[in-house]
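Only one chain is included here, represented as structure tokens and corresponding to the form predicted alone.
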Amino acid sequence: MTSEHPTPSGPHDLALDPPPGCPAHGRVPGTPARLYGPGAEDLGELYEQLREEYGPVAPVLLHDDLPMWMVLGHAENLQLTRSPSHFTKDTRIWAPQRDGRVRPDHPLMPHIAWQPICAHAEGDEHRRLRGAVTAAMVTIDDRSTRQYIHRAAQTLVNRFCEKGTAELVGQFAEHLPMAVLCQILGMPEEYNDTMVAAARDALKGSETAVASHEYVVGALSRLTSRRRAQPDEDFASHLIADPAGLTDDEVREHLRLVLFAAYEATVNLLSNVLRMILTDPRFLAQLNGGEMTVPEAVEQSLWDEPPFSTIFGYFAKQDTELGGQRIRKGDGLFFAPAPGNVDPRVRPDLSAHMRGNRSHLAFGSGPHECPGQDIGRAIADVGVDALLTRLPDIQLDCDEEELRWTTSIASRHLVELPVHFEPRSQQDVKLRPSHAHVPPQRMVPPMVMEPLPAPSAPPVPTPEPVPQPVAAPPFDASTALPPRRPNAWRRFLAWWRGY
């Protein structure tokens, strides 16, 4: 694929970069950029600088100055993910890993370490493992899932609706995906505040992350053993029963993959959609006015702020070329939805609305495209709609400039989203959400329409037919019965036809 971006200095070659520690590794034009430390505080701005210097594919450095490529172009990201003959997800062929330059406690080791799961496999093994996951996904009933999302969202809103204030990240966005995923996987009894806290802690990489990770994996191990002995109609049971014959370890690891990946992505998606709606008056006005649906707002958020900024990683199986750069066998590349989504070749005007366009990179593409993207969309669609219906006057409770994020190479996670609204009573989670209290039964009043203006020359009513064809008697208002008033629909038709 020919690059549409200029490469002023010609193709770059990671093999020709100066060694780590060399003064040439200072951030000067024409050298790889560090994705950590000073100068990497705003990665979005850094990506645009790299795009200007190198075009759609740029050299970067991870911690310990390990070389990688950052794929910034939209078309180049698609080429990367859709070319399994040239690029693989198997981290074991990455040159620094193969040469022993990656220390065991590297900050990105959870992403670097190879695992026997479909996300790292290729060929026949990928088809076996991915086929089992996809087949289990197909068994998830969309209607019942949306009903459960609705009830879970209602339950969460009931926790804070009477207070008039809430913090939507910690009280809503971080809880709703976990409640739904536990239900889908087959362990609704495991959902509670402890499970949510453990998942968040494991993903943050704190000092207690290992213990938190073990807590979640313990729940998944119990689920695997229980469903192996007592199958049910849930994701875990279908994964176990698949003809691919997954072992207990393979089942548990894929349950872990689905839980953590889907949870982090959906938390970020929910938070981003709510923030966008609350801070951009165009979206809230359009939603209230019926000009934009919640699903359209979700897709716009997937363009502007994808749940994962970058994903580590793909690796070259042979010498090749991408975006005008020479890629050597063993080179690593970041799949990068965030910079790819703002590629000026596909979005010359970032303020333009992307309504109806689903060609963003948020869920990947090719053999490793996210298999659970429809579930993520459903959680965001139904959850946000239920929240806005219950609390239509919801407003941000701080200045937009006060909002804070925790930022990493992988994603931007909104820390808090404080809001205020008019306090409201709790509602039965089985009823449709409403901004007002809904009594168990209501009498629906009959439709009352104002009478239409009388025409200038109303026709004289035709008398009822009589058996004998005699002349109609003169109309006597004092003795004639009043004609039946036509119903509202007939009056509307008469007015529409000009009668």
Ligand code: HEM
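Just count from 1 along the sequence shown to find any residue number. This structure is a prediction, so every number in the text was calculated from the model and none was measured.
One more form of this protein, predicted in complex with ligand HEM, exists but is not displayed; see below.
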| query | finding |
| --- | --- |
| Open or blocked, ligand HEM overlaid from its pose in the model of the complex onto this form, 2.4 Å backbone/C-beta test | open |
| Segment assignment from 361-369, 397-405, 198-206, 166-174: heavy atom within 4.5 Å of ligand HEM in the model of the complex | 361-369 |
| Single option in 130, 275, 213, 227 placed near ligand HEM in the model of the complex, where near means a heavy atom within 4.5 Å | 130 |
| Contacting member of 388, 414, 161, 311, with respect to ligand HEM in the model of the complex [4.5 Å, heavy atom] | 311 |
| Residue contact check: residue 335 to ligand HEM in the model of the complex, 4.5 Å heavy atom | yes |
| is_contact(residue 265, ligand HEM) in the model of the complex, heavy atom dist at most 4.5 Å | yes |
| Partner proximity in the model of the complex: residue 252 to ligand HEM, non-hydrogen atom cutoff 4.5 Å | no |
| Interface membership of residue 375, ligand HEM in the model of the complex, 4.5 Å heavy atom rule | yes |
| Residues 34, 43 and 106 all lining ligand HEM in the model of the complex, heavy atom within 4.5 Å | no |
| Residues in 118-156 with any heavy atom within 4.5 Å of ligand HEM in the model of the complex | 118, 119, 126, 130, 133, 137 |
